[in-house]
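We begin with a single chain expressed as structure tokens, specifically the form predicted alone.
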């Protein structure tokens, strides 16, 4: 299958003075006002309708009215940032068909073992059997650069100001594999003018060490989000002390939505520290426990809990309910 050559950004040519000129000073921690109405973050694009992390899914989410497009990022062997939710490839691509002998001893195919040109040969596959037909493999795997160009281009042609909401996936794994993410991502983001007027941004990660490195060591002044899962190792972040530590680095938290259901005070406690709250993930076909339907679930998070935004696989639904609640 024919491959294509792609120009990769060399972060070594992007020096610290240029970062400072863009306002990425070491001490900066940009304050962000709380958002009303809440922002809609297209989780992996319009992933309820199309295979996740494809340009088609991102474009559909944009067309449905998303405020932010969310690409998850992993790295290739030659350092490119590609859009995949996992460091593995077999669940969402046809990699086993084209590269049957490239799996590791654990039986899994890792994105970091492939060059970008090899990734270009793959086709995206729907993860869930109840959504887009899994046998239709017509979409490719984009780079972060392509997603930003798509959003910036649509912003220009539509007059909107939609942003990107990239997640750095498993920075510790990438560092162990010799492809640390943080510095190279900032260099790439700078070259793409992410965070400027035509491309608002939040940078998200579950790893607090990665966010701390971005802010303290690399001088990133772009808005950042500490993701929080319902896992014992991360529950310390939910305490007042934990939230205070987050507030010293980030502008928002992205908790598992079940954490808000269990403790609605999480929202007000975060707000008291100037942190926005963007819970994840709202799905029409996987409604939270105790809710009659997705409308009831969204209404509670919008009205009673007072979140500042939320991640959803179904942008259209979240927009519709937001309009009914806030009349805009």
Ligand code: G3P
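Positions refer to the first chain, counted from 1. This one's a predicted model, so the numbers in the text were calculated from it and none came from an experiment.
What comes next is about the form predicted together with this ligand, which is not displayed.
Among heavy atoms of residue 221, none comes within 4.5 Å of this ligand in the model of the complex. Within this chain, residue 67 is remote from the site of this ligand in the model of the complex, having no heavy atom within 4.5 Å. Residue contact check for residue 204: one or more of its heavy atoms lie within 4.5 Å of this ligand in the model of the complex. Among residues of the shown chain, residue 72 is one whose heavy atoms approach this ligand to within 4.5 Å in the model of the complex. The partner is absent here, but in the model of the complex a heavy atom of 167, alone among 167, 118, 170, 145, sits within 4.5 Å of this ligand. Residue in contact with this ligand in the model of the complex (any heavy atom within 4.5 Å), chosen from 238, 150, 199, 227: 227. Of the candidate stretches 262-270, 279-287, 54-62, 295-303, only 279-287 contains residues with a heavy atom within 4.5 Å of this ligand in the model of the complex. Shown without its partner, the chain has no residue in segment 237-257 with a non-hydrogen atom within 4.5 angstroms of this ligand in the model of the complex.
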